[in-house]
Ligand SMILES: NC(=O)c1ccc[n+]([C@@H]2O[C@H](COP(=O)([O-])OP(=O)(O)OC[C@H]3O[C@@H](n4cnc5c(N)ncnc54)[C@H](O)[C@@H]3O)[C@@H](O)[C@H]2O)c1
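Just one chain is shown here, as structure tokens, and it is the form predicted alone.
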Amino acid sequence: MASQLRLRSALALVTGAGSGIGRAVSVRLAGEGATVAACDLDGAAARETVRLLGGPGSEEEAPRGAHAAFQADVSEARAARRLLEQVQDCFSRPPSVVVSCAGITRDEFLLHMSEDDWDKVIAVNLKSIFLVTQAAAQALVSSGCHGSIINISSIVGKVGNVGQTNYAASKAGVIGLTQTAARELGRHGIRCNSVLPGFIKTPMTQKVPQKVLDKVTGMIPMGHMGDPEDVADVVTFLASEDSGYITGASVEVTGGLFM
């Protein structure tokens, strides 16, 4: 059906594609017809995602229309720029959809948090989004192409969370960065939006003690945690022309938590 191929001409770059939300986003975008460039710090995980999509599994062997996997530490400026170069070399065009899903946690109370844990979370969760957004936007503007950039933030970036000063700050930064990018890039036909997941069943939330998960689940009006696919559905909408007049938005996917 046509509704299942809203992205049939799109090339989508997804960072953090090796697991969780990033993998679900990759699967959903491919299901809508997009060609996916799946990137992760763990190259084997990225290749596994591509295998699930039916692609060959590496950038060296990606025929036209096939998906490809890339390994990069997108918190490093040189690596982020090189990633965009590799994607363009591989597919002969810049990605028209860019989804930044890479993220980590290093939880600790403010009174005891180390500078290293602060710096690492800011680097992966915020700096990487700046670097990827900048490199992707430069590639799109240079080629005269329109695009949709979607950055994964978190509801924690809006309301905070005990033990997550670094994570909350990084995700709040993503919201502000995305809104500003939307203002600057709109005239180039590039839309920028952020998605704010709540508690989603991912490897990240698997680290949370069960008693905490039970308490949080009890606060969710819909009565259960979300699945990565719930976030992927929203990302796909924002990637498609169905959201063609939406930019600078922050869409919450929380089951009503903290509304």
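The first residue of the sequence shown is number 1, and the count goes up from there. Predicted model, so just to flag it, every value in this text is computed and none were measured.
The same protein also exists as the form predicted in complex with the named molecule; that form is not shown, yet it is the one meant from here on.
Enquirer: Site superposed, the named molecule placed from its pose in the model of the complex: open or blocked, blocked meaning at least 3 ligand atoms within 2.4 Å of a backbone or C-beta atom?
Expert: With the named molecule superposed from its pose in the model of the complex, the site reads as open.
Enquirer: Are all three of Ser96, Ile246 and Gly248 close to the named molecule in the model of the complex, meaning a heavy atom of each within 4.5 Å?
Expert: Checking in the model of the complex: none of Ser96, Ile246 and Gly248 is within 4.5 Å of the named molecule.
Enquirer: Pick from 110 to 118, 84 to 92, 134 to 142, 148 to 156: which stretch has non-hydrogen atoms within 4.5 Å of the named molecule in the model of the complex?
Expert: Contact criterion met by 148 to 156 only.
Enquirer: So which of Ala30, Ala66, Ile220, Ile200 reaches within 4.5 angstroms of the named molecule in the model of the complex, heavy atom to heavy atom?
Expert: The residue from Ala30, Ala66, Ile220, Ile200 that makes the contact is Ile200.
Enquirer: Just to be sure I understand the contacts: of Leu185, Ile104, Ile122, Ala172, which is the one whose heavy atoms reach within 4.5 angstroms of the named molecule in the model of the complex?
Expert: Selected option: Ile104.
Enquirer: Does Ala80 make contact with the named molecule in the model of the complex, using a 4.5 Å heavy atom cut-off?
Expert: No, Ala80 sits far enough from the named molecule in the model of the complex that none of its heavy atoms falls within 4.5 Å.
Enquirer: Do Ile21 and the named molecule share at least one heavy atom pair within 4.5 Å in the model of the complex?
Expert: Yes, Ile21 sits close enough to the named molecule in the model of the complex that at least one of its heavy atoms falls within 4.5 Å.
Enquirer: Contact with the named molecule in the model of the complex for Ser75, defined as at least one heavy atom pair within 4.5 Å: yes or no?
Expert: Residue-level check for Ser75: yes, a contact with the named molecule.
Enquirer: Even though the partner isn't displayed, in the model of the complex is Leu41 close enough to the named molecule, meaning a heavy atom within 4.5 Å?
Expert: Yes, contact at 4.5 Å.
Enquirer: For the stretch 205 to 225, return the residues whose heavy atoms include at least one within 4.5 Å of the named molecule in the model of the complex, in the order they occur.
Expert: Stretch hits: a single one, Thr205.
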